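Consider the single chain below, provided in structure tokens and representing the form predicted alone.
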Amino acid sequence: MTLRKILTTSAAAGLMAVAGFAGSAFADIKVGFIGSLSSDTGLSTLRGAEMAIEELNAAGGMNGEKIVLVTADTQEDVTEGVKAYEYLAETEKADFIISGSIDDVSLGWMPRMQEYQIPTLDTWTSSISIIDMVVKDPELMAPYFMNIASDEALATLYINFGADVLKKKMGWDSVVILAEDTAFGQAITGLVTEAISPVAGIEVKDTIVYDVGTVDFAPIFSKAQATGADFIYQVSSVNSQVISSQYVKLQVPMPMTGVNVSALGMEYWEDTGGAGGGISTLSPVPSVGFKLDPVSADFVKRYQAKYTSRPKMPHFNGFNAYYGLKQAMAAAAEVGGFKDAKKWSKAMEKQDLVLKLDGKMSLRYGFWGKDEVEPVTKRTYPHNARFDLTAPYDDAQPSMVVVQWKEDGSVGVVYPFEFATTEFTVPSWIKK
């Protein structure tokens, strides 16, 4: 059973397809959410899962069984994340776990997933090291799936942005990297450093690592300027609105791009006090400023009618949770539940949902097979979300887009050009 038809016909008809044997009364299916209960990232996954569960239950549940949701708060802390996974496994006896965890936290509880063998879907974490675990030990990692492109794929396409826009269009030849001291920061920095010079022809002048608790970035920006680099590449997933607003308020005379998680949400402008203009960031899809297909646009409309607190638009992982949980249930319906993790895994591998806009593919929720080799990176990505790294993106959506916030508070996609809704520019205070 797949979800290909679930969201392209009426919602009721599609959901009944997942429900299968609706009407019989069996024990509940328990879904455990693991992630931060106080962050936009965590709430995006939680709410996407809530909406999917409500719709599935309204149509009869999964093979007649009601789906219930329980939560465990990681507080974006590794130790708390391990405790949270243990709680879902041992106390709640979760049948399936959906994660909105950040990279460090998912890496922390990964040994618990391997131990408990509970089917688990990560909707935010993009750590290539986890996909490497699937490559190395597919049996042990069989219950694990990641329905976001891994950071290697994200960085690979961002290198193309460096070549096509930063180097070719803007004429920038050198960069200084400002990266937070996290597993995410280290991963992205390593990938960018190794590829941006040989592929994009941009020299890395220096890499400056800062603590996630930093509140005064003036000395760091001064150090960046002293390198003589043409632009700054920042990597920030924690408290990233701080570096953004200080960059603008200090009017740092260098363009800054990179990965800024706070800029992925519609609250970014408010969080920075309107001091966020000029910031551009890599974003998995769908992003702010991204043209949505009709099904995804309807999801957002219903989301906004249901939730009045932030995030007022789900981050990409909210979409991942909404579609991914339905795929997980469809796979479970096919094999009689989640009890046999390996059987469920085989069924999950076959899930493939294509959403279209104006007759063309907009989003694709499918997974790479264990023996499929991605043609650009020349490697495999088993259980990772399927992505496409080259135009015309007819096999899957790009692994990421680059969005930019303008000084008037608007936001749009600037790359890849096929998905662009605005043009990449530099802040007004920077001399061109």
Partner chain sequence: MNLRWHHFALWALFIVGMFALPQFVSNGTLRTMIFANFLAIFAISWDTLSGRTGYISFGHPFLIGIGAYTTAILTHRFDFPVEISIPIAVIATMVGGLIVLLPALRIKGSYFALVTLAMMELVYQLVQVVRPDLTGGTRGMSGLPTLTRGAANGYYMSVSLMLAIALSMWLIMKTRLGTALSAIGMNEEAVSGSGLSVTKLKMTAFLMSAFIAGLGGAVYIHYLGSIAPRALFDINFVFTIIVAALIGGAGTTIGPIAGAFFLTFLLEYLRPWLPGAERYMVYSGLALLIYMYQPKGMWALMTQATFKSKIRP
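Being a predicted model, the structure only gives us computed values, none of them experimental. Numbering follows the first chain given and starts at 1. Rigid core (definition): largest C-alpha set, two forms, superposition within 1.5 Å.
Beyond what is shown, the protein has a form predicted together with its partner chain; the following relates to that form.
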| task | Heavy atom within 4.5 Å of its partner chain in the model of the complex: which of 230, 152, 104, 293 fits that? Just give me the one. | result | 104
| query | Which one, 78, 266, 361, 199, lies within 4.5 Å of its partner chain in the model of the complex by heavy atoms? | reply | 78
| Judged by heavy atoms and a 4.5 Å cut-off, are 352, 395 and 413 together in contact with its partner chain in the model of the complex? | no
| request: Select, from the options 343 to 351, 296 to 304, 330 to 338, 81 to 89, the stretch whose residues sit within 4.5 angstroms of its partner chain in the model of the complex by heavy atom distance. | output: 81 to 89
| query | Can residue 73 be called a contact residue for its partner chain in the model of the complex at 4.5 Å between heavy atoms? | reply | yes
| request: Consider residue 184 of the chain shown here, and say whether it contacts its partner chain in the model of the complex, taking contact as heavy atoms within 4.5 Å. | output: yes
| task | Indicate whether residue 174 is a 4.5 Å heavy atom neighbour of its partner chain in the model of the complex. | result | no
| Can you check whether residue 283 is within 4.5 Å of its partner chain in the model of the complex, heavy atom basis? | no
| Going by its partner chain in the model of the complex, which residues of 106 to 124 come within 4.5 Å of it through any heavy atom? | 107, 108, 110, 111, 112, 114, 115, 116
| said: Does residue 237 move appreciably between this form and the one not shown, meaning a CA displacement of 2 Å or more on the superposed rigid core? | reply: yes
| Post core alignment: residue 191 C-alpha displaced by 2 Å or more between this form and the one not shown | yes
